[in-house]
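Here's a solo chain for you in structure tokens, the form predicted on its own.
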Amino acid sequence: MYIEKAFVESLEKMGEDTFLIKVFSPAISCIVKPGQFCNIKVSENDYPLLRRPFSVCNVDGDYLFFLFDLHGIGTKLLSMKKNGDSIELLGPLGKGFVYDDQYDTAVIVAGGLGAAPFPFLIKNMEPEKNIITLLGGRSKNNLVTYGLKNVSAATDDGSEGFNGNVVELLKSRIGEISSGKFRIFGCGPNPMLKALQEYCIENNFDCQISVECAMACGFGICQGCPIDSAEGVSYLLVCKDGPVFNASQVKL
């Protein structure tokens, strides 16, 4: 884990309120694993006080990429960064995906900005694994396909692809998917993850989920991101024990 002053290389608008920031971060980029995250200090003063957690979206040499939506003052300040500006990163944090086992097809199930951790994961799985990406959003304006492969979309309003949510899309495709050995990787809002979790446990599907959660310290000291455990202890911490869990490991 490092605290690193990272310099902004570029900021690209990817959708209505979605941005992709690229930063020079040689210390963290060389050790980060898919599914891990960084806590970002978005300003040079103490406002806002707490760092913001962001999944590492992609890595290219010494550069890290973070995908984010506008939600409050922290992301608003991040969206205003310019080339040469600096941000302070704490990372890499958390436990990432386990992806190098014996299976043939990786099924990415992403809801909205839950797509953020998957470009880096896909890059590390190719070309050994076949990739199928199922991407959900409220409408076509909420779909960000950066770094994704073989994308099928689902939208709540039917404006793009399958008319329904992304878990319903998975169910409609499962006959085709389950013809070989596969693993499901999910990330998105908690209601979507809960539906995915229940479906996978009910059908005994191999599934890992990346949980989204507000965090303060990012490494387990503040105890501010508990999640109910399904495995004998009362709770786990999203920042330290996750954010990636086996679907049967936690209660959403």
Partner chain sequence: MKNVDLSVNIGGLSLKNPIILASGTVGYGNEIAEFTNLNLLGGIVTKSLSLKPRKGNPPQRIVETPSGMLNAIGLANVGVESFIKDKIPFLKAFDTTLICNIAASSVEEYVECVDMLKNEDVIKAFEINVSCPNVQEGGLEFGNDLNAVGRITDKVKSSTRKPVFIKLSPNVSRISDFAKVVKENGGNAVSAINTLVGTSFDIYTRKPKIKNITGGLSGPAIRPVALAKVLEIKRNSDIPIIGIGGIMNWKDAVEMMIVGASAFQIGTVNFINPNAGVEILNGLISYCENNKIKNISELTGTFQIRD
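In this text, all values refer to a predicted model and were calculated from it rather than measured experimentally. Positions refer to the first chain, counted from 1.
There is another form of the same protein, the form predicted in complex with its partner chain; it is not shown, and what comes next is about it.
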query	finding
Its partner chain: the contacting residue among L143, M125, L90, V107 in the predicted complex [heavy atom, 4.5 Å]	L90
Selected contact from M215, A195, C207, V211, since only one has a non-hydrogen atom within 4.5 angstroms of its partner chain in the predicted complex	M215
Exercise: C30 in contact with its partner chain in the predicted complex, heavy atom 4.5 Å	no
Distance check, Y63 to its partner chain in the predicted complex, heavy atom within 4.5 Å	no
In the predicted complex, I201 touching its partner chain (heavy atom, 4.5 Å)	no
Any non-hydrogen atom of P189 within 4.5 angstroms of its partner chain in the predicted complex	no
Option from 53 to 61, 30 to 38, 216 to 224, 181 to 189 whose residues, in the predicted complex, bring a heavy atom within 4.5 Å of its partner chain	216 to 224
Members of 1 to 30 lying within 4.5 angstroms of its partner chain, judged by heavy atom, in the predicted complex	M1, Y2, I3
